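Let's start with one chain on its own, the form predicted alone, as structure tokens.
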């Protein structure tokens, strides 16, 4: 793939091969060639105009992210080259095809005119990796399209379509034909015309009648959306500088803010998260199966069994992925309710897609079919079971599927914790059974936890991963254990949160600390949203509470370990969370969304402590954070040691994409590496000594081993897993 310049008059066209990568990135070689080409064009009197374009249908993906973390980043900067383009006395036209992102879009802002192909997409996504556009983009874009639109594009990092770019005035023309030829024709027409009014650095930022009030309000919105992430706020400051200062001063401010972000821990964390998401695509299992040798089977038709909240979201995701789907329920009443809900979801998704110039075909029976008869599943390639989280029910369904579906069909279970091998045991094809744990709402959440069983074949894993990709989800392959990765790590986190209530905290205190850390939602608000009855049902099935519990069992002990009955007691009082209008919080009505601290809960907790003779104490923010997060991280080390996940990045991708972990903190295991493993070990040992009846506080043997081996960097952790150590 190459970047091609057309420097021409009459029939003269000169080309330089500049780069060969899957996407065009601005390496030092590309920048040098770009500068040399521009200077040669400027010096050559036979060249009357210039077009800048990419090849193989892509303009440029901007700078290579790996370059940002290089300690010896030297050489040419892109900003001066953008200025060089803009100063050209000969018209320069950008021909934008495919993508123009980051520095790629900033190059087009230096050009005097911009033509885009109708399918092109543009954006300045630097904020998503903890940075800001550093090649004068924060100064040029507001001058071109105004402050409100520039703020939206730069602080969110979203990609925009060619049609939206045309409406905003970001491009001058959108074409369906050959974009480079259209750019050449335009450049020929521009020869000899004045260019001063097209140089963005010379233009003023378009005034708003209420600029100061607008910026004040915009900052509040940016901060709220950022949830502790620094980059959006500094992007805002750079754009604000464009409204207040001359161009050169604004550029200096942009560089200053860029350097602050470049050296921040957040940028490092976000860039780690970016690469971690790509690393998990290359899955492996302890048996030696891997992405390198396993090939996915095509999925031409799928089915979903169960049209509850999760099933509806999965059906919607499959339709959006253009996979024909059969949606099946057990009786007509449930089917009709589910059908209405699915159609409503699809109508909403269609409206969103239309805004981006896309369409969604969901009224065609060949695309979406509803049924109550299992016989319609005879020709499907893949079935996703999404019924109630009950082992007996799932086994009954899988036994039926094994008899009805064609022999090569894949059987997937959407379970959040149940044993994949037990489900597979009732089928005649355990090698084609796999867990596909979607996250609610399934048509919105990006994570898909893919759980292989003892007999699951590499082809089945590869097919599930391909399905995730087609559905635009992040598939993470993990092993089979209770709770898998995400929920298994979540159990001790929530458990500690409840223990903290017993000892003196309030739900809103615990939630506030974790939301201040960056979680989108604290554990008690999360519990109310999911429904307290979900966990209650699971604990009943495990014999931890309810009628199967042995008489005389201590309220606060199970199997010799500490147990808190607080969530069970709330459920016994019908407080299931948002669905009933009361849970850990109170809501304006059943199904309400606004959580308010509940004086009843405060009295209930006080009475509970008195009943069990628990002395209330003040618990500071540090203890809340450490006990919740460090137990979660500790469980992560056990998961790695057991081979349930093949690397720490898998755990981090699960938590960022499925559990609201703040992306700018890089995931729990990355966060552990920044806090320092010796610090985590010391704190766990301290809390474990205070609470000896809580096994989740006992430090993982793998964590101890890593500390004994000198606290190696995260990338080296797995290499120590099977090494012998005399220190332990």
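Keep in mind it's a predicted model, so treat the numbers as computed, not measured. Positions refer to the first chain, counted from 1.
There is also a form predicted in complex with a small molecule; it is not shown, and the following applies to it.
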Discussion item. Is residue 414 near the small molecule? Define near as a heavy atom within 4.5 Å, in the model of the complex.
Written reply: yes
Worksheet entry | 4.5 Å heavy atom contact, residue 311 to the small molecule in the model of the complex | yes
Discussion item. Even though the partner isn't displayed, in the model of the complex is residue 393 close enough to the small molecule, meaning a heavy atom within 4.5 Å?
Written reply: yes
Worksheet item: According to a 4.5 angstroms non-hydrogen atom cut-off, is residue 330 in contact with the small molecule in the model of the complex?
Response: yes
Worksheet, complete the sentence: With the partner omitted here, the residue among 489, 433, 307, 382 that in the model of the complex has a heavy atom within 4.5 Å of the small molecule is 307
Worksheet, complete the sentence: Partner-free chain; cross-checking the small molecule in the model of the complex, the single residue of 440, 336, 399, 297 with a heavy atom within 4.5 Å is 440
Discussion item. If contact means a heavy atom within 4.5 Å, which one of 382-390, 642-650, 499-507, 203-211 is the stretch that engages the small molecule in the model of the complex?
Written reply: 382-390
